[in-house]
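Shown next as structure tokens: one chain only, the form predicted on its own.
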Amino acid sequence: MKDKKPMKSVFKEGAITSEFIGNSIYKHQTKTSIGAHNIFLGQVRADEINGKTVSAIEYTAYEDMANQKFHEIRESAFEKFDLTCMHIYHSLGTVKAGEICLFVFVSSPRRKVVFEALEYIVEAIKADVPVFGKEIFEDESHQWKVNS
């Protein structure tokens, strides 16, 4: 069994940038025990709801509770799967349509593991983490997002 990782905040203010994602991935290229990486990027969609188009989502969270849930998901994934490393980041604040709001990155010696682990992690985040999104429409009206 792997050593337990210390709990850290997974939140980033605003959109998660391609530079941040690239730097996170780049750090792992020198680890020769890794055989596979897998990435999930959650992007804000410009959904049309009741004739109005979503232009952004404003994310809020019960941060302490959410960080604890993210930590539990992380620990559970390390116990279930042969992972070398994992990064999870979620946006807080306003993220515009087309921008990244969730970044999950896993690495393992084996290819099959990263696919299974990533699906497990993303589904657990959607089901268990208290992060809430307020959809902001082009006309500046808003509604609370329904998970989908």
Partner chain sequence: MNITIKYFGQLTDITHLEEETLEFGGTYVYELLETLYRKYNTLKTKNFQVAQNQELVNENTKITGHEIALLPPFAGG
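What you see is a predicted model; the values in this text were computed from it and never measured. Residue numbers count along the first chain shown, from 1.
The following text describes the form predicted together with the partner chain, which does not appear among the structures shown.
- Heavy atoms of Lys12 never reach within 4.5 Å of the partner chain in the predicted bound form, leaving it off the interface.
- Under a 4.5 angstroms non-hydrogen atom cutoff, the partner chain in the predicted bound form has Met65 among its neighbouring residues.
- Put simply, Ile136 is far from the partner chain in the predicted bound form: not one heavy atom of it is within 4.5 Å.
- Using a 4.5 angstroms threshold between heavy atoms, Glu75 stays clear of the partner chain in the predicted bound form.
- Along 109-136, residues Lys126, Ala127, Asp128, Val129, Pro130, Val131, Phe132, Gly133 each place a heavy atom within 4.5 Å of the partner chain in the predicted bound form.
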